[in-house]
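Just one chain follows, in the form predicted alone, and it is written as structure tokens.
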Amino acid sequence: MRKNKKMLIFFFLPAGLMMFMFFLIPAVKLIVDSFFKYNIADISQKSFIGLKNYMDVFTSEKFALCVANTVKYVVGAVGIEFMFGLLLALMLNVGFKGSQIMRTLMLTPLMMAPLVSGLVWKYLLSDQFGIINWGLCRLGILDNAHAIMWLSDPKVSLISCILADVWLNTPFIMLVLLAGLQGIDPTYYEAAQIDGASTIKLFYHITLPLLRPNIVIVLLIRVMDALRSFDVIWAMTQGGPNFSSEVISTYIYKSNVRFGQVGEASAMAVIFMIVLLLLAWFFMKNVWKLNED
């Protein structure tokens, strides 16, 4: 027994050291920095100001705008991704000629890095040479290629980022939900069909209840991932124009790197980290309840 414990410690030690070096130490440094004000000219000079950074964050109109943009981004992107992902999973689960080829092609976005995906969509949505506006013009939907300024119009810049995120992450949701659908015992459907249940009733009374664990897990992963989105937005708009697509992650980066507001950026990061942990706890609590049921 003691030998097994030693072996467990031996195998856990490398992962524990990595977590200590690259998570715990930076997290503690982040929390400590949030209580200080740094001199931009000399970063080694700092003064303790207590909770002033947190007070400045909570009273900042720019931070409030970033929070609102982040909520819009998460709700819009994850909501659309879930709807499309569920529809595609249901369609592929039924099976049809060419479904295997279609499934393979739909995995293409998952093979691309988010930054590359953002750059691709930046060029696709360009009002100068983008293929999206060109195609809409050819279809007669737009009068000219400059009718919609996807990346420079404050009204649609965030929507443009959401479109790129939907294209990038919908296949992931589809895969998780498809795995859940293929794990449902067909006898449930057969018994319900014998009793005269319609397709809609089968979906609401069998498919959705049995798919709930997969839905909760995939929403947890995607909501957490969308909240900290940076690559796609930075590649496409860098948070502009005029803060229209600025989210919490890009604002923290700018505050720290561009403006030298280390203390305030650290306070925002600490608040953001606490919110993510609370959301993770909420979702995992629901997963445990589902497993108990």
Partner chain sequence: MRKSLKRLVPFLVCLIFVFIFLFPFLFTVSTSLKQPSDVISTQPRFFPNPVSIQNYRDMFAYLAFGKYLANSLIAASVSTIISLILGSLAAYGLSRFHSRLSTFFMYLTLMIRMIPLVCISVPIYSVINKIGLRDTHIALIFVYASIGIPFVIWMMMGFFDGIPRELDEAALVDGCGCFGVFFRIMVPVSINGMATTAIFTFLTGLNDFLFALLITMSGTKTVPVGLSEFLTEYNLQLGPMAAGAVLFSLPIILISFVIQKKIVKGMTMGAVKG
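Keep in mind it's a predicted model, so treat the numbers as computed, not measured. Positions refer to the first chain, counted from 1. By rigid core we mean the largest C-alpha set that fits within 1.5 Å across both forms.
The discussion below concerns the form predicted in complex with the partner chain, not included here.
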Q) Which residue, 141, 75, 112, 191, has a heavy atom that falls within 4.5 Å of the partner chain in the model of the complex? A) 112
Q) Pick from 257, 40, 68, 32: which residue has any heavy atom within 4.5 angstroms of the partner chain in the model of the complex? A) 257
Q | Proximity of residue 230 to the partner chain in the model of the complex, heavy atoms at 4.5 Å | A | yes
Q. Is there any non-hydrogen atom of residue 49 lying within 4.5 Å of the partner chain in the model of the complex?
A. no
Q) Just to confirm, residue 243 within 4.5 Å of the partner chain in the model of the complex by heavy atoms? A) no
(Q) Residue-level question: is residue 121 within 4.5 Å of the partner chain in the model of the complex, judged on heavy atoms? (A) yes
Q: Tell me, please, which stretch of 183 to 191, 204 to 212, 154 to 162, 98 to 106 lies within 4.5 angstroms of the partner chain in the model of the complex when heavy atoms are compared?
A: 98 to 106
Q) Taking the partner chain in the model of the complex, which residues along 64 to 88 bring a heavy atom to within 4.5 Å of it? A) 84, 87, 88
Q: Return yes or no for residue 273: a CA shift of at least 2 Å between this form and the one not shown, with the rigid core superposed?
A: no
